[in-house]
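Here we start with a single chain on its own, the form predicted alone, put down as structure tokens.
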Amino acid sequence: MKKFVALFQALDTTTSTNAKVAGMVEYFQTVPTADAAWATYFLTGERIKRFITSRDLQNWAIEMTGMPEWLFKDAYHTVGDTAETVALLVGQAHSNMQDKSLQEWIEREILPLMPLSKPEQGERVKQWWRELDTAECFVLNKIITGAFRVGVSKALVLRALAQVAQLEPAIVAHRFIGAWQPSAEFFQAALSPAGHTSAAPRPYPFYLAYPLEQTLESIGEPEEWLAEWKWDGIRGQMMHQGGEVLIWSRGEELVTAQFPELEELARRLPEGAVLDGEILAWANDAPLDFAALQKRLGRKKPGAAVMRESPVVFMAYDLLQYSGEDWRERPLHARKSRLTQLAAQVEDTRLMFSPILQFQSWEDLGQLRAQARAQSVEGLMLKRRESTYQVGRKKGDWWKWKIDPYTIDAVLLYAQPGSGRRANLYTDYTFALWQGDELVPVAKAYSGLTDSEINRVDNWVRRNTVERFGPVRSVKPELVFELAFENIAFSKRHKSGVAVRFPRIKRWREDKPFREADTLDNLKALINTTAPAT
């Protein structure tokens, strides 16, 4: 456990990618295999089932220290994180506990807490706190509340594992995708040259595109590229393999049960086929708004009414495996050609194939992009004809050329502190638009400002607070910001009657009086009136 805490601190205190990889390589090479498995589990974003809450930690810390609740809350608002606040209050100057392996901590100490009552859990946790130093308390608190995270991406962890195993990163990435158990046996097999003996179907690591920020002319000649629409749905892989049919999301979650009509479709695929594509809500020969698709998410088994209201299709745009053979190293045009042949085999309206758009020049392509919003898509995808299917986000062969976002000028109405390193700054904002003489909240945003601008807004918020609601401050309605967002739809769940997608701050409109901010009617005018209410 001490080595894992030391690794956490090393990763948390450096911004050097090479240093992070080197630190993980050294850790994986020197700890027992079972510890390496659990460390990989947590570092890649996996979590044990949450059975202890932040509120539990707060209550137990108050019991242990005798601190009044108001003082704890004041400390929390200064620190910005419950696990860290508790660790600072109860952690010891020096660790007094005999070191146990990470595996022992998880499997013999933490997981056995699950069936215990809250008082029994509290007594056990408080005993740990009395023997652990501050850093150990913090990591323990994060693990038991299912909130552990550190500044490394999953790709970086897998790169370190690939170095340890002396294997290609793509091979290691495929072995750790999907659900897996953090055991010594699994970890050893995943890093061995032969890999797993289990034939359980796993998705392939997804290939992701970079935003196109340079000129089209700089990426080559038009004939080197294929173009298709950038669909606004849920990225997924559909597979029929080993007698099983599975649908995986890009988040490596099995979503087969959420889309029973697509499960039925997958059974019609030839054995050994794996398709990459997009799950879309679709009706009347056109994609529905993303809000319609959201109605299907998070349901273990959607009802007939929801399926009728939000029917879905699978828009396939790549072939990763055919007849059990990995096709990722073949050129894109060959994968597309075989995908077309597969379409003729299946003949099912729920399986659609992303059409290749025809263009002769970059000017032609620009004209196609101008039609994107009318086609209810986000823009264009550009893919090099000869490109292989790679792992993760790579520059050079796949680009996304999105349409310009919608924008509105909105008034800052509420502000609250951020989290982590921004816990002492007001960085999370609520914005409003005019409806007559009233300002109506329409969006929340927390990204887009520079550090200097954040500090200026923070100072302004503190000087112009009208009311306080816990950590939230109501401020004088004076500051105007231009917000950008991807889409908009009517919504019954919002006071404004509309919902915007992916709002962020584009710029601070210091030149604009707050009375000249946009109206709610301006925002609603941007909505496609055929979009369904949510």
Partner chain sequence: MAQLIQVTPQGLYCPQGDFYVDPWGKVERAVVTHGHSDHARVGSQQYFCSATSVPILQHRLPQAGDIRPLAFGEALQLGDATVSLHPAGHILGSAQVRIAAEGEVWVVTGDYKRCADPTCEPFEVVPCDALITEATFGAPVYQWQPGAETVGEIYQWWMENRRLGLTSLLFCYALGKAQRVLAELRRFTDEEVYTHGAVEAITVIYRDQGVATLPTRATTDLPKDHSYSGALVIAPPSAHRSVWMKRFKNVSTGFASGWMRVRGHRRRRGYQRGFVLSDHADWPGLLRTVRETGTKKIYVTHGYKDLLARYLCHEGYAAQSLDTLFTGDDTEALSEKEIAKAAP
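What you see is a predicted model; the values in this text were computed from it and never measured. Residue numbers count along the first chain shown, from 1.
In what follows, reference is made to the form predicted in complex with the partner chain, a form of this protein that is not presented.
- For the partner chain in the model of the complex, the listed stretch (156-164, 114-122, 134-142, 265-273) containing residues with heavy atoms inside 4.5 Å is 134-142.
- Remark: residue 189 does not count among the residues lining the partner chain in the model of the complex, judged by a heavy atom distance of 4.5 Å or less.
- The closest non-hydrogen atom of residue 64 lies beyond 4.5 Å of the partner chain in the model of the complex.
- Looking at residue 449, you'd find every heavy atom of it more than 4.5 angstroms from the partner chain in the model of the complex.
- Within this chain, residue 13 lines the site of the partner chain in the model of the complex, having a heavy atom no more than 4.5 Å away.
- Shown here without its partner, the chain carries 435, 494 and 514, none of which come within 4.5 Å of the partner chain in the model of the complex through any heavy atom.
- For the options 321, 85, 376, 103, the residue carrying a heavy atom within 4.5 angstroms of the partner chain in the model of the complex is 85.
- Checked against the partner chain in the model of the complex, the residues 393, 301, 444, 94 give one hit for a heavy atom within 4.5 Å, which is 94.
- Residues of 69-84 placing a heavy atom within 4.5 Å of the partner chain in the model of the complex, in sequence order: 70, 71, 74, 75, 78, 79, 84.
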